[in-house]
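Two forms, one protein chain; structure tokens for each follow separately as structure 1 and structure 2.
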Structure 1
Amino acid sequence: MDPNSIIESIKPIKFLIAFSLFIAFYIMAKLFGKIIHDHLKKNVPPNIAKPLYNTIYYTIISIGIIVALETYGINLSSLLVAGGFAGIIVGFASQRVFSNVLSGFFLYIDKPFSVGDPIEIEGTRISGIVTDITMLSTRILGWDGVTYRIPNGTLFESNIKNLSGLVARRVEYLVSIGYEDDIEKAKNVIIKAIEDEPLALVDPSPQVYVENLGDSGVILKVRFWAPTPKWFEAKTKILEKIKIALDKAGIEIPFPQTTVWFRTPLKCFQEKKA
């Protein structure tokens, strides 16, 4: 029998075997993927469950393709050598991607924030509302209307301030009054202005005390609490009311002043006296 004819007859058999193996891996990917997907759907948010399912599914499919090609007789070693340099580049990129995916998983476990929370990232100027959390990155809508996309790896390593951690937040001001003004009177005027505003909480009660003796006046620290959703509104509204109340009470908010003292009288003053 002609060897060439034998080889030709073997090729269709190899193809059928290789194709059958690929179909087997495809079915396995579907079944195994469905089990994993159903489990993840019950225990993990959709933004994390879907990428994990896709990773498992396409990994099994890729293995099936490799096994089928090897069974058919295609030597993949040459392809691997040819793609070696590309593999190195992809490897470096995939490390970063894997880091972001892993960080996204840890952020889900740690739960420092959720979609809709106002947050602030320490060491940056980024603060705003969390609008989306994916496996690779988190999107924040800033107070200025700009959307920021932050890789989860970077976010996981940052100090995050969740501005909605409690139902109430504290507001603080530094208010300066003149040295000639009555401190107790100023404190009472400020507390009355706060207590008259419905946005300020009664408990904890407002606090006003001397924080420092400044160059131009006495520095008072003002503290009160407001509901977290109304924090910014309360902060801006009550500060304006404090200014109006101090003006009505005749209490001055001094501007910076500097007193200059000369060791010897100036010549121009000496001439005037003469």
Structure 2
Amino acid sequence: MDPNSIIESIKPIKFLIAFSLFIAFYIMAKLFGKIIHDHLKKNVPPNIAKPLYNTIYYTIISIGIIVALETYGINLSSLLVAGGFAGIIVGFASQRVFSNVLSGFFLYIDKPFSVGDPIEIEGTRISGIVTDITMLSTRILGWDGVTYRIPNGTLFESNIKNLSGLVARRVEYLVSIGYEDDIEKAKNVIIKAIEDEPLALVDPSPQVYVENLGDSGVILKVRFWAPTPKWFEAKTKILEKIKIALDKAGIEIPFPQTTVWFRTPLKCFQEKKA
């Protein structure tokens, strides 16, 4: 019998075996995927569970394809070399992507915030409500109404202030008064302005004290607490009320002034116009 004809007769059998192997891997991917999916669904948030499931599922399918092709007789070594090169290129290119994925995973473990939490990222001007956390990035709806997408890698390395856990937040101002003004009177006027505002809490109580003796005036530190959801409203409202109250009480809010001193008497000349 001609050897070529034997090979020709074997080929369909090889194809059947290869195909069967692929189907076996496919079924395995489906079954294993379902078990993994059910497990992840219960224990891991959806933003991590889905990509993890996809990775496992497609890895099994890829192995199935490679095994099936090898069984059929297709040499994959050249394909693997090419794949290796491509892998290196993709690896370099996806370094940051992978870093973000990993950071997303660590953020999940660390849990510095959840969807719905108001947060502030230190060193940036970004502050708002977390609307979505995906594998790669986190979306924040800023107080200015703009949605910010921040890569998880950046977020993981940043100092994050989570404001959701607090019942109340402290508001702080620096208010300057003139050196000739009565400090005690100014403190009482400021306290009264705070007490007249419902959003300023009674307990913890407001505080006003001399923070510094500045170049232009005595600097008072004003501190009071407001309910977290009303913090910004209280902050903006009360500063205005303090200014009005100080004006009414005749207490000056000084501005920077410089006294210029001349070593020798200053001589002024006036030209007569013809």
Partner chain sequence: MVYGSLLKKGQVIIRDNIIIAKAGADDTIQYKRIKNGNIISEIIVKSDDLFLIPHPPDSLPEKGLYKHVMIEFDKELAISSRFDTKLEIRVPLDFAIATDPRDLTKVIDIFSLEVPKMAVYGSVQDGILTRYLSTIKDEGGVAILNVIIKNQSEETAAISRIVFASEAFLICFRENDQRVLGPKIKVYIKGSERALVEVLPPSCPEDHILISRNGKRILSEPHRFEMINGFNKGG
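Only the largest set of C-alpha atoms that superpose within 1.5 Å between the two forms is called the rigid core. Remember, it's a predicted structure, so these values are computed and weren't measured experimentally. For residue numbers, the reference is structure 1: its sequence is counted from 1.
One of the two isolated chains is the form predicted alone, namely structure 1. Relative to the superposed rigid core, residue 142 undergoes a CA displacement of at least 2 Å between structures 1 and 2.
Taking 2 Å as the criterion, residue 163 counts as shifted between structures 1 and 2: its C-alpha moves by at least this amount when the rigid core is aligned.
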